[in-house]
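Single chain ahead, written as structure tokens, the form predicted on its own.
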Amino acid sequence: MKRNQILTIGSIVLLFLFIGYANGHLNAYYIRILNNTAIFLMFAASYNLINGVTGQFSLEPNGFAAIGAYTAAILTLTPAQKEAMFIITPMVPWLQHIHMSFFPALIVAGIVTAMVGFILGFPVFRVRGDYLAIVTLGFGLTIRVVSNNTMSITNGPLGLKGIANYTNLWWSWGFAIAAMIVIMRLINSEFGRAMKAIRDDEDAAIAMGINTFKIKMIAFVTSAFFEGIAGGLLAHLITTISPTLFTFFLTFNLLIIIVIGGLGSMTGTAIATVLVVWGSEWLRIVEQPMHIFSLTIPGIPGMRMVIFSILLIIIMIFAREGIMGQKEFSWDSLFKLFKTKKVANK
């Protein structure tokens, strides 16, 4: 086994040791933030695959998250819960009596979302650029409208409540790491090289004989699969979902993460996810009333997103490639850095 593989495996083991420590020693607030970090890492890495690696400006994550969340929640609710919850319009019979445990429900949620992504890909990839963004934005809005009006499936604006709190650090980080490994292996494969070629110049990629539609579909369906699972994890973390949860605000958060981290860089995505999720919690102070000497400053709801928007503008002006650009972390580059520092010190 190569040195780099040993170090990578060792890092994953250390992460799981930390998760074990966190489960036993950290309070519920910090555990909740760690769960959010893992779920948003999964969302952002999946989103970066289609947006950053393949270069397709898509605005669909909130739609795929909604499909995954509703699918997983409906499958894990018991028949008795469904009967008690659907008080205005009874649930359709073919869903009423289906009940699954958590893991298979998440996998089914990912598969259902991937199937929707596959079907959506046919009309979506007939256009490019801003038109693609508009079409996928419309998809997210359509999913919200559909979930708001299909009372016999989603319970409409009443949403789904009493969802079991199955999501813990082991589930969230286990799926996040698995998603990162799959996505990184896909990026480093021949399919990944084709995705980058499409991002750099789609017309040139076509001239080279690359089936651009097939490659974009692979990226889109893979992204949809993991976003569906992340949606299921989110539903079982907050234990209640409704159409108002899956607005463009979710997509905007993910867009901030991948732009700050660097379009096309999974390392940058991981760093930016930690900064945005934890920074969002630290910035709650700006939404609370503050007392400075004799001056009282009222809290401003939504001020956190104003700060993040300003930060995004600053990054676009002064560091357009984000934290990592399109570069990835590697053990070799880390060792070279240490060697360079040692030589400089001598």
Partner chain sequence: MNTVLKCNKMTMRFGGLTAVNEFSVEIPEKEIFGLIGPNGAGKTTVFNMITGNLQPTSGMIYFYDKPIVGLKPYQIVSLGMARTFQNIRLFTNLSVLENVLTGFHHKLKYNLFDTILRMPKFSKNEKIMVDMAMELLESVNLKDKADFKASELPYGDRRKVEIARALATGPKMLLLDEPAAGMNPQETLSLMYFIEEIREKFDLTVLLIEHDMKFVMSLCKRIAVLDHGVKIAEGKPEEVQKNPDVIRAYLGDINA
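Numbering follows the first chain given and starts at 1. Source: prediction; values computed, not measured.
There is another form of this protein, the form predicted in complex with the partner chain, and it is not shown here; the text below is about that form.
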Listed residue (160, 91, 218, 254) with a non-hydrogen atom within 4.5 angstroms of the partner chain in the predicted bound form: 218
In the predicted bound form, the residue from 276, 245, 124, 194 that sits within 4.5 Å of the partner chain by heavy atoms: 194
In the predicted bound form, segment of 207-215, 80-88, 147-155, 112-120 with a heavy atom within 4.5 Å of the partner chain: 207-215
Partner contact for residue 186 in the predicted bound form: the partner chain, 4.5 angstroms, heavy atom: yes
Partner contact for residue 130 in the predicted bound form: the partner chain, 4.5 angstroms, heavy atom: no
Distance check, residue 99 to the partner chain in the predicted bound form, heavy atom within 4.5 Å: no
Proximity of residue 182 to the partner chain in the predicted bound form, heavy atoms at 4.5 Å: yes
